[in-house]
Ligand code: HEC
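The data below hold one chain only, encoded as structure tokens and taken in the form predicted alone.
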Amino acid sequence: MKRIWLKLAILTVLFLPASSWASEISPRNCTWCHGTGAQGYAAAPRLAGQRAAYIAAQLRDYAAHIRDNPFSKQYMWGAAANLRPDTVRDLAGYFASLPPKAAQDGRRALAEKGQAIYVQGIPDANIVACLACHGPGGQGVREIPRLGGMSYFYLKRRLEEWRQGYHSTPSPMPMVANSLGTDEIEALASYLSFVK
């Protein structure tokens, strides 16, 4: 059912004239892809409880075409293109104020392995523990995003995109993702989907 709603939301965005929404974006427009309550879908990340500084930075990166993965190009470049700085600030503050919920869509059998990677890293592969930057509860810090509770499908795809060479901002994540195997990505994404 979620996929049907996502497809309808995407079609709605595609067939609206850009001027009807690009210059007057509101949280309601964001719900088309990020859902009511900003809890996201598999393709679009959860914004509820995300770090305000991170959301604002990402909106600026979309507008500047720095975040270049396919969904960013297709949907967010246009959505962020005409946002005023005060609108970016207000949207970021609004979404950060919403209570986050865990997606809980990962594979439970992989969560323990994912937790070990998140907490301890993979010393043999020279991968530092994720909690060093994202915090012990996956809550994020300033412009470093909250990962706790994000959708397994979104996190898995995002890590795979970094492995394919897509970047957002100067970040260690492409190097980290290149050092992770497919099974490690799946375990990490599974674990994080259950973190509250």
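As the structure is a computational prediction, the values presented were derived from the model and not from experiment. The first residue of the shown sequence is 1; numbering continues from there.
Below, we refer to the form predicted together with ligand HEC, which is not included among the displayed structures.
*Asks:* Looking at the partner-bound form in the predicted bound form, is residue 172 within 4.5 Å of ligand HEC by any heavy atom?
*Replies:* Although ligand HEC is absent here, residue 172 would touch it in the predicted bound form, with heavy atoms inside 4.5 Å.
*Asks:* Contact between residue 134 and ligand HEC in the predicted bound form at 4.5 Å, heavy atoms?
*Replies:* Yes, contact at 4.5 Å.
*Asks:* Taking heavy atoms and a 4.5 Å cut-off, does residue 64 contact ligand HEC in the predicted bound form?
*Replies:* Output for residue 64 is no: heavy atoms all beyond 4.5 Å of ligand HEC.
*Asks:* Closest heavy atom of residue 96 to ligand HEC in the predicted bound form, within 4.5 Å or not?
*Replies:* Looking in the predicted bound form, residue contacts with ligand HEC do not include residue 96, since no heavy atom lies within 4.5 Å.
*Asks:* Any chance all of 29, 58 and 91 sit within 4.5 Å of ligand HEC in the predicted bound form, going by non-hydrogen atoms?
*Replies:* Every listed residue reaches ligand HEC in the predicted bound form, so yes.
*Asks:* Going through 137-155 from first to last, which residues have a non-hydrogen atom within 4.5 Å of ligand HEC in the predicted bound form?
*Replies:* 143, 144, 145, 147, 150, 154, 155 sit within 4.5 Å of the partner.
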